[in-house]
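Quick heads-up: it's one chain on its own, the form predicted alone, in structure tokens.
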């Protein structure tokens, strides 16, 4: 009998969930293959519903077609406003330590394992934290074993970009930049992008922004986003790309100027469109970088965690 088929004749499956602040992504995983996907609101967008109710509604259709052996959640599901708070795991930490620190809760018919986030000192010796990115990182180490050897720097672009030092497979330090959140705030709630025409993005403007950030202070450069529209008749698309280049360039410059950062090739993990932007910025700083798909990495990490919990049960 196929090992993936339970005695009931239904398929045995794991449910793997990446539950962030903006959205819930759930995957029905059968023998290492995603056979169905579902989505729901993020922890910050529940609209008055409880996290438990949202999870039940999202996963309920799968109960009729599969025997769900394990449900694994990473991300903001373990925050104070999530399904159940899971304390941050203190760095340095490897994958096995992370899985062992998970919290098991009962949610209706399922036992749910919620992975912890990581707390660490940053490169300026201040406190820093992450939830969800650690699962992507441990997934990346599963996919590329070489990343678990020596000192490596992994970069996870996003709303809150993370620069993470990994030493021999253990998360050691991390540095957070609010680059994505700043871009959203400045592009939607400031005066910087309210003047130009509606022409599409000008990709040359992105590199101009990066080069500007490499030479000048960010605060002194931001107003050029507005003044170029006023004086040089730049479009809103040009200004948006320029602003993106400024912010990403300032992030890269800041990190590269930080003492004791691991050298060599950087590994970018995230949305392919965003990691391509970071690669363009890194090339302007003469820094090599490879990219891994964030979705592929988080699934690899969640699968590894699910395998751990199956062995423990």
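Owing to the predicted nature of the structure, the values given are computational and were not obtained by experimental measurement. Residue numbers count along the first chain shown, from 1.
As for the form predicted in complex with a further copy of the same chain, it is not shown, yet the points below apply to it.
Novice: Does a further copy of the same chain come within 4.5 Å of any heavy atom of residue 229 in the predicted complex?
Specialist: Yes, residue 229 sits close enough to a further copy of the same chain in the predicted complex that at least one of its heavy atoms falls within 4.5 Å.
Novice: Whether residue 178 contacts a further copy of the same chain in the predicted complex should be assessed with a 4.5 Å heavy atom distance threshold; does it?
Specialist: Yes.
Novice: Looking at the partner-bound form in the predicted complex, is residue 192 within 4.5 Å of a further copy of the same chain by any heavy atom?
Specialist: Judged by the heavy-atom cut-off of 4.5 Å, residue 192 is in contact with a further copy of the same chain in the predicted complex.
Novice: Does the 4.5 Å heavy atom contact test between residue 182 and a further copy of the same chain in the predicted complex come out positive?
Specialist: It does: once a further copy of the same chain is placed as it appears in the predicted complex, residue 182 has a heavy atom within 4.5 Å of it.
Novice: Heavy atoms, 4.5 Å, a further copy of the same chain in the predicted complex: which of 126-134, 202-210, 102-110, 145-153 makes the cut? Say which one.
Specialist: Residues of 126-134 come within 4.5 Å of the partner.
Novice: Just to be sure I understand the contacts: of 63, 254, 35, 53, which is the one whose heavy atoms reach within 4.5 angstroms of a further copy of the same chain in the predicted complex?
Specialist: Only one listed residue qualifies here, and that residue is 254.
Novice: Whether 80, 88 and 119 jointly form a contact site for a further copy of the same chain in the predicted complex is the question; each needs a heavy atom within 4.5 Å.
Specialist: Answer is yes for this spot.
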